[in-house]
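What follows is one chain in structure tokens, specifically the form predicted on its own.
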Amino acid sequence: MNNPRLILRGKFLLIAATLLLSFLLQPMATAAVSSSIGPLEGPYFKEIRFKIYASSEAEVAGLLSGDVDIMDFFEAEQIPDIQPGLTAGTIETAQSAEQGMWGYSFQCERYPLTLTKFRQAIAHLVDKEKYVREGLQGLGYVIETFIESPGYGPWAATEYVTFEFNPTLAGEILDGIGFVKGSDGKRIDPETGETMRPLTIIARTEHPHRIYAARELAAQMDIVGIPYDLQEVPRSVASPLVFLEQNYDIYTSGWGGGPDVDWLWDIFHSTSPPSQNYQMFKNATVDAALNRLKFGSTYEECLEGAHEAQYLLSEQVPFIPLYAKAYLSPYNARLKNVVDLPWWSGVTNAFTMTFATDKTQKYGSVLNVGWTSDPQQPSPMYEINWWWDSMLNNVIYDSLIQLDPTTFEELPWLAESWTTEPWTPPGGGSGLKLSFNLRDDVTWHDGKPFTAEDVVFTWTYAKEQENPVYISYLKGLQNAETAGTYTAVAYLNTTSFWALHWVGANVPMIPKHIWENIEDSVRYQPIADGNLIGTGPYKFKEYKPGEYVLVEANPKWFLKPADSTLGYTTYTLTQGDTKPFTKKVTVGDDAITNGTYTATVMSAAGATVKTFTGTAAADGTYTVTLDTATINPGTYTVTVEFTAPVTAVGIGSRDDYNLVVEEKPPDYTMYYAGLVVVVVLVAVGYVVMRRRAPGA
């Protein structure tokens, strides 16, 4: 017979072991990464809410009320609107000069913009001083070349071609190439003898200064007789026209180049994908200079290429640089340790989201980020780095190396260390062998381990897919291999000055187990399949179009502070117990009933133990029930996930929980029942024996 004391002692030991296992499964605290802004560790917010507003006015109102902590964009003309918050001390600001440029892009394959002289004529219609004085209310800097905004230092060209504001001269140039005025004052196309077609000007409505610049240019085109069709449209309309179809003539562009200036190659080189070189500009002489910038082995060679390319581009005019903004970046005064990045135009960046804290509460607050747009296509593999998509991707995904926010020095991130060695490609020439030694304590958001296989896959997959965002970084990748579980090696047929950043800092790591079966990475929508999975400080939680995107703190991030209290809710169930989960899903007034709602139980190693599929009611309410009857006692993670193919991006949500399954107590009912039977049988036997006894 079992000893009840031994049974209770065994149950106690199981519970103690389970609690110990739960403790051991939490990531061990690691040393913060040292940087110019202090030790980097986080996150401190339990959740980031990217709130989508219909207008910048509504977003500013949210900042004043405290519903918004940081904003995607803030314009000069909005300064008076936030004055009450500045006066009351509820709003603080960061101020600097942005490291980027705004200007006019020309679609250089659309006649008459194929003609350099025609583009130069338009350049004489641009009054940059007025744009800064009135369009930016003085908060900006006129720029004449392409890497001129403050912060780029010696990379800015000292020699370039300028075009003074002179509409009369513009008219003379047009006359000289045969575009003379007709009787109605409009220019005649010399090829057809008819009034030239109107040039399509696309101006994004999200930024008032873009609208101002477009209207000013249109007014000057009117004066010299160039017909135009000014289209003031939101990003959702402009994006396919400009970046996918190149169906425009003049576009009010904005470009945040980042600290490495080899991005100039991406915008203007003949072989750069159209979604990057959307000017469709092709010039062999410019290409040669850009190649020296992109693939030069030394700083001096890259600098020479940058200066020459800028001179040639200023002469050819595929793009007219206008200005860089002197930005004011407001934020809620409850925040501290915000990080101001000039190439991100302020404090709304991944460093702030990961390392800033709340003055009133170290852990557990919510950070509210104002957006004036839905994300275009949340995915690390999409072909355009949109501002909002990048903001989301940058907190979900990590790279091997991080760049210091002020010095741009390389910081260890997913890679603890790396080495650079000379390497001779099979066909001869000079190349590099880059070896990255990875951390061994990193997991993907779905619990699976991050290894060198993921790194090698990311590099080779992005190259094979010819991903437009990353192809220029991976063109020189000849081979990649693992050298153990936590060492990844890249072999490049280039000795470019930028090579380490290309594969180490510029390409976000993606999980092989998710992406290896995705045939078209550019068009793939991870949210629709529940696959927006990275290793970053935040995990995707929910997206509802037109309303919000939510991410929650990743309690297993490798730079989690030692005293962090952020973690998943824990459910403790006895084996055999059930736990229902429900979710109501609507978009507008419509109930969504074509989605999938699942609860997946995973082991500590990230292996799937059991998946339960839910059902939907007519009102959009989904229910899924977790049943522990066949789950062994132990500690697990549960992911409750909803996905639906609604809208082009899809909608979805993901919630993670800890699960402790305890052993079911022994059922003593059968034991006692058996004991009763034995007693009865013994009693009956005793009676029978007495009846058979002699002399009975």
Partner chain sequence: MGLLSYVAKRAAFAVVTILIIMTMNFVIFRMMPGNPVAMIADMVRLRPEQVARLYELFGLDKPLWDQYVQYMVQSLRGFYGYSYYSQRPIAEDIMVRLPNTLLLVGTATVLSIVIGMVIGILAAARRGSLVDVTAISFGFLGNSVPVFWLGLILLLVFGVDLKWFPIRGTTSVPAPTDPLALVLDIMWHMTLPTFALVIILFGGYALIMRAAMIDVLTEDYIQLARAKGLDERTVLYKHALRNAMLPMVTVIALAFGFLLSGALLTETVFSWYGLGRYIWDAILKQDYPALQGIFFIISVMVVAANLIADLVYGFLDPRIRQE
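Note that the structure is a prediction, hence the values are computed from the model and not measured. In this text, rigid core is short for the largest set of C-alphas that superpose within 1.5 Å between two forms. Positions refer to the first chain, counted from 1.
We do not show the form predicted together with its partner chain, though everything after this point is about it.
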Location of its partner chain contact in the predicted complex, chosen stretch of 450-458, 237-245, 493-501, 153-161 [non-hydrogen atom, 4.5 Å]: 237-245
Of Asn283, Thr443, Ser275, Thr596, the one that lies within 4.5 Å of its partner chain in the predicted complex (heavy atoms): Ser275
Among the candidates Gly103, Gly258, Pro545, Gly225, the residue which, in the predicted complex, approaches its partner chain to within 4.5 Å (heavy atoms): Pro545
Contact of Ala629 with its partner chain in the predicted complex (heavy atom, 4.5 Å): no
Distance check, Lys51 to its partner chain in the predicted complex, heavy atom within 4.5 Å: yes
Distance check, Ser65 to its partner chain in the predicted complex, heavy atom within 4.5 Å: yes
Contact flag, Val660 vs its partner chain in the predicted complex, heavy atom cut 4.5 Å: no
Site check Phe118, Arg292 and Glu315: each within 4.5 Å of its partner chain in the predicted complex by heavy atom: no
Contacts with its partner chain in the predicted complex, stretch 192-206 (heavy atom within 4.5 Å): Arg204
Residue shift check between this form and the one not shown, rigid core fit, Tyr251 Cα at least 2 Å: yes
Core-aligned C-alpha movement of Glu547 between this form and the one not shown, 2 Å or more: no
Exceeds or equals 2 Å, Cα of Lys475 between this form and the one not shown, core fit: no
